[in-house]
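Consider the single chain below, provided in structure tokens and representing the form predicted alone.
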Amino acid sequence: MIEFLKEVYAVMWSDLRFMRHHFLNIFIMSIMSPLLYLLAFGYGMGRGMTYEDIPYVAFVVPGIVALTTLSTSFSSTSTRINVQRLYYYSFDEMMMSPLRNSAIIIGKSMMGVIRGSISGGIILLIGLYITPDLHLTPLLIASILISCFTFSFLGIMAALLAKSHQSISTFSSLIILPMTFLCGTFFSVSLMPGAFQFLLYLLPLTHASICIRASALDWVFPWTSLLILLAFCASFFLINVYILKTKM
């Protein structure tokens, strides 16, 4: 176990150095979109609105936190690995080292997990300050971390399968962008037509939004959604290990 953790740290070391040297730029990039969503939907469109007897801003903040884990974690891993693999070829050099594939996947995911956790945590702290309906709970922290790992693994998968930088943009347009607005981040999935609800429940962000919102608002926790989110996380991880083993 100690050797495995050393391998994970060896993989993530360069990403940690990158974040250290570009922390201000990374911080601004990670926090701007969530803040704009909060201002536009929480205070612009949602001022005076309620949902199930709670202010709409309290409803939408957990959704924005879930959305932040998606956008930040996915973009952090997918963009960096895509550049390292297709332009600098440093990823190929790492593949030639005696590192386990699982350690490479987890190590490369940590940049997305750290950035997603920081960005989501800042939005959550703002939400805790502006509305008393939100609560910081262990299940909330666990849900955010699982979401960050899930979308970091998704970003790695997209980067490993990408043939060019344009492929990442296409994947984002077809998969990430629809999830951004449709997976219960700004409204309840239950408001959608039945057939459409079924499709949305097949997407990981829907379950991340449900788990984060329920734990933040002290609603009955949706253990089924948490298990589904964990299944997505494990599936993306295993797919990445398989890609490294057979395609790289």
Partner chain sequence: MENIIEIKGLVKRYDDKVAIDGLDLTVRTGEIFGFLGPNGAGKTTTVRVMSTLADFDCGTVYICGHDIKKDPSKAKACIGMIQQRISLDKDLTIRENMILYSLYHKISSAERRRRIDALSEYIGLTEYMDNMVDTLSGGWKKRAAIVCALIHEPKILFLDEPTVGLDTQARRLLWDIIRRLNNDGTTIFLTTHYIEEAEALCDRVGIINRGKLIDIGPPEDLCSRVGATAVEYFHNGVKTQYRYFQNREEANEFVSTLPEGTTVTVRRTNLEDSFVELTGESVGRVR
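Numbering follows the first chain given and starts at 1. Values in this document were obtained by computation on a predicted structure and should not be read as measured data.
One more form of this protein should be noted, the form predicted together with the partner chain, which is absent from this view; the next part is about it.
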If we take heavy atoms and a 4.5 Å cut-off, which stretch out of 77 to 85, 153 to 161, 124 to 132, 167 to 175 is in contact with the partner chain in the predicted bound form? 77 to 85
S14: heavy atom within 4.5 Å of the partner chain in the predicted bound form? yes
Contact flag, A10 vs the partner chain in the predicted bound form, heavy atom cut 4.5 Å: yes
Contact flag, A142 vs the partner chain in the predicted bound form, heavy atom cut 4.5 Å: no
Residue-level question: is L136 within 4.5 Å of the partner chain in the predicted bound form, judged on heavy atoms? no
Using a 4.5 Å cut-off on heavy atoms, what residues in 85 to 99 are near the partner chain in the predicted bound form? Y87, Y88, Y89, S90, D92, E93, M94, M95, M96, S97, P98, L99
